[in-house]
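The chain below stands alone and is given as structure tokens, in the form predicted alone.
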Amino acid sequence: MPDVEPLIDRFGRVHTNLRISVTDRCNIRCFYCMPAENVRFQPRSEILTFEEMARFVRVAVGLGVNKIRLTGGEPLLRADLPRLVAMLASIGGLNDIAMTTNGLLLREYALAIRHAGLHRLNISLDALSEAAFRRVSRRRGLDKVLDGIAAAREAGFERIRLNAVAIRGLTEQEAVPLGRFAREHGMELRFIEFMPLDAEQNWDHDRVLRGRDLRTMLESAFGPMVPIGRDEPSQPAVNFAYADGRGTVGFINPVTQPFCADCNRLRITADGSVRNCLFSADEWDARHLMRHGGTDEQLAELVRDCVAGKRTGHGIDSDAFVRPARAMYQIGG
């Protein structure tokens, strides 16, 4: 594809980051993401093939995308996922291929995805006590997650980030143990404010545990923290380092400190719908285009249309906010 103009929306934001949901299936049932039981998954025939995903990425790279992240559901449930990683790693122009996982299957797959070309891992770890883990995930499995983290380190992943959703009434008791675990194992910790994307629609603003409150808890346990710069302007986390030099913590505060002004992300769901925001009310159907003879040029135009339709912000903090029709597991984390 010839050189083209980058993906710039009407507010001047340049889009270089793509999140790809490879499946809507998951092996746990975190309440901030999925229903507890009787989950309705997309028929497999409606999920993009690896070839369709790779085609979409090639087109997106031609438009300036240089970073991708594989998400789900739980991406490691997708059969033969290392093959997809290898396909994406062969596409020139990608500087970073990352994945977000709950870690339950990492013991089995860490080495294979590393050898296939995956650069970085984010591992969801909301709690270090079995009771709190089960309250969030509604399943057992903490020991398997911790073993998966060990397996990822053994496989050679050097920069492992732990993601913890911050939920009032739950995360307060887990923040310090998580902070200690990350410090002891040399991993970056990120807290993410609870967002209105849960399938059962129980989100309430009062359940949002603010990043600044978590910072106070960590400083009480480990000493002062100092702000540090972002790796790049579009990074959603506000980063702090412990003054004693033993680690960093990022706070992603989409509810209390929206970062929409610097957003550079696009998303494609497992069933091939392109979204310009987690909270978008609109989607652009790339699967239909790819399966009905659409050209790469038409696919590129669809992506441009999606970017052009992006709003200035998600509006969680406004009275006009409307929850998206899909829950997190249906969109991709």
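It should be emphasised that the depicted structure is a prediction, and the values quoted were computed from it without experimental measurement. A residue's number is simply how far along the shown sequence it sits, counting from 1.
Another form exists, predicted together with a small molecule; not displayed. Remarks below refer to it.
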Worksheet item: Does any heavy atom of residue 7 come within 4.5 Å of a heavy atom of the small molecule in the predicted complex?
Response: no
Practice prompt. Please check if residue 32 has a heavy atom lying within 4.5 Å of any heavy atom of the small molecule in the predicted complex.
Written response: yes
Worksheet item: Closest heavy atom of residue 174 to the small molecule in the predicted complex, within 4.5 Å or not?
Response: no
Item to complete: Answer for residue 157 alone: is it within 4.5 Å of the small molecule in the predicted complex, judged on heavy atom distances?
Response: no
Item to complete: Within 4.5 Å of the small molecule in the predicted complex, counting heavy atoms only, one of 231 to 239, 257 to 265, 177 to 185, 67 to 75 shows up; tell me which.
Response: 67 to 75
Worksheet, complete the sentence: In this chain shown alone, the residue from 146, 197, 116, 94 with a heavy atom within 4.5 Å of the small molecule in the predicted complex is 197
Item to complete: Go through 165, 84, 121, 214 and name the one with a heavy atom inside 4.5 Å of the small molecule in the predicted complex.
Response: 165
